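For this one, two forms of the same chain are given in structure tokens, first as structure 1 and then as structure 2.
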Structure 1
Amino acid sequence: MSDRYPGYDVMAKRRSMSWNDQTRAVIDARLAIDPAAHRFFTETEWQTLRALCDRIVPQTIARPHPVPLAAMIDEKARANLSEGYRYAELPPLQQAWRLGLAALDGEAQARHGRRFHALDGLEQDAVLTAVQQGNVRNPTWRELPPKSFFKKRILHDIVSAYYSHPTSWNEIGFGGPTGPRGYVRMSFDRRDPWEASEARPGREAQARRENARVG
């Protein structure tokens, strides 16, 4: 992770007027998620889900608080937190994830003789490419369109989870939810004083000083 916003920590806003009680409660709940806990998926499904999350959004650089992607997907499925709509070709959220993880394991078995989590990174990527392109062998996919599952569940749910977490907000300089303070300077390349300052060549120290005051 490059230090694009040096000295910036979105959690410094926690007690400022940028966030209200509802915002604090939502973010605290996300930070409290146990990365090793799963209450919806079985142990077999959990192994596959964790390996899948690691390939879609690799978190290979050491960081104090990695985004607990698999646990966030598990919680979403447990609570059945749908988007309020459903693509006609896909089953409901919980069923889609159960079928999809089983199909992913079946595809790995058909191609490599091992479950998805037991494959190396290149083999996993090859399986995921086949699913993305709809070039699949496992019969479980008859119940679940592979291309739609890849795009509308795997990518949607995992990437959305990643960018809903304060760890990723620090990486992209995002200030979190806009209420109740909101934003004023909406023009291109302008920022409010409570937004993160991006480090550009030659002004890294200045950005660090400015980000230390963000709140």
Structure 2
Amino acid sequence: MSDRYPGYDVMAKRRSMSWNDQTRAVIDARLAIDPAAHRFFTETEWQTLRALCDRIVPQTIARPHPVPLAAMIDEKARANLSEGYRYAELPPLQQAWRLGLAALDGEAQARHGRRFHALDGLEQDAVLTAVQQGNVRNPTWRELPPKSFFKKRILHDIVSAYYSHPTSWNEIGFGGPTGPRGYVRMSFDRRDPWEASEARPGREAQARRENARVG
């Protein structure tokens, strides 16, 4: 992954006018999530879930706050935080995740004779692509339509969790929380001093200097 916004850290604004008290409380709690915490999933499910999260959103570069995706999914499932609607063909959130993780393992066994987390990355991606496209071999999927599970649970839950986290905002140059301070410079190629500066070719050093001043 390229470093498009070098040195930009949305957390540098934590004490600024861009954050109010309630935002600080919410984000502090998110940053305090223990990546090893799992109260809903069994050890077996947890192994599979962690391996799954690593493929859906690979976090290969060492960063101060890697996003604790599996723990976030565990908490979502434990609290049963559904979105307010359910496709008639899919079981409720908790049941869908339990069935789905078992089915992923079953699919990995059927194809490679090993559980999902024991496969290498390419093998895992092949299993996931098969599930996304509905080309599954394992009978477990009879209770759970693979394409819907992949889209509505795997992608929806894991990707939303990732992009709810400040670490991901740094990657994409999102300004993060605003309020009471908003923005002033709205037009093309304009940036307020409290926004991320992009390292376009030839201006990497300038971007890094500007990002160091964000606050």
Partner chain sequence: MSADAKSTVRAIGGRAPDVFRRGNWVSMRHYADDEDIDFAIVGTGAGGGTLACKLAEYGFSVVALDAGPYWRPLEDFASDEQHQEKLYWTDERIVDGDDPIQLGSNNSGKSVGGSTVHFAMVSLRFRPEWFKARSKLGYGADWPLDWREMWRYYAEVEAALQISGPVTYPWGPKRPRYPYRPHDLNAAALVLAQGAEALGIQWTATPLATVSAPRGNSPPCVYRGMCVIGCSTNAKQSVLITWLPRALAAGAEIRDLAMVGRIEHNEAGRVTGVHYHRDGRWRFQRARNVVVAGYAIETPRLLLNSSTDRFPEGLANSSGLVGKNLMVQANQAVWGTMDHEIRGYKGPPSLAITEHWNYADDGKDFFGGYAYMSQGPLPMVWAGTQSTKRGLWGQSLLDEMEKYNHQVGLKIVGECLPQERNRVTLTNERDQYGLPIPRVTYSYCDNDKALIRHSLAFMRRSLEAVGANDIWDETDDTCHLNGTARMGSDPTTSVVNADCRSWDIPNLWICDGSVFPTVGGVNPSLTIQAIACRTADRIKRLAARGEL
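Quick caveat, the model's predicted, so the values are computed rather than measured. Counting starts at 1 with the first residue of structure 1 and goes up one by one along its sequence. Take the two forms, find the largest set of C-alpha atoms that superpose within 1.5 Å, and that set is the rigid core.
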Seminar exercise, completed: In this pair, it is the form predicted on its own that is given as structure 1
Problem set entry | Same rigid block between structures 1 and 2 (Leu81, Lys147) | yes
For this session: Please work out, using C-alpha superpositions, how far the smaller rigid part turns between structures 1 and 2, and give the answer in whole degrees.
Result: 15
Exercise. What is the Cα shift of Pro193 between structures 1 and 2 once the core is superposed, in angstrom?
Worked result: 4.1
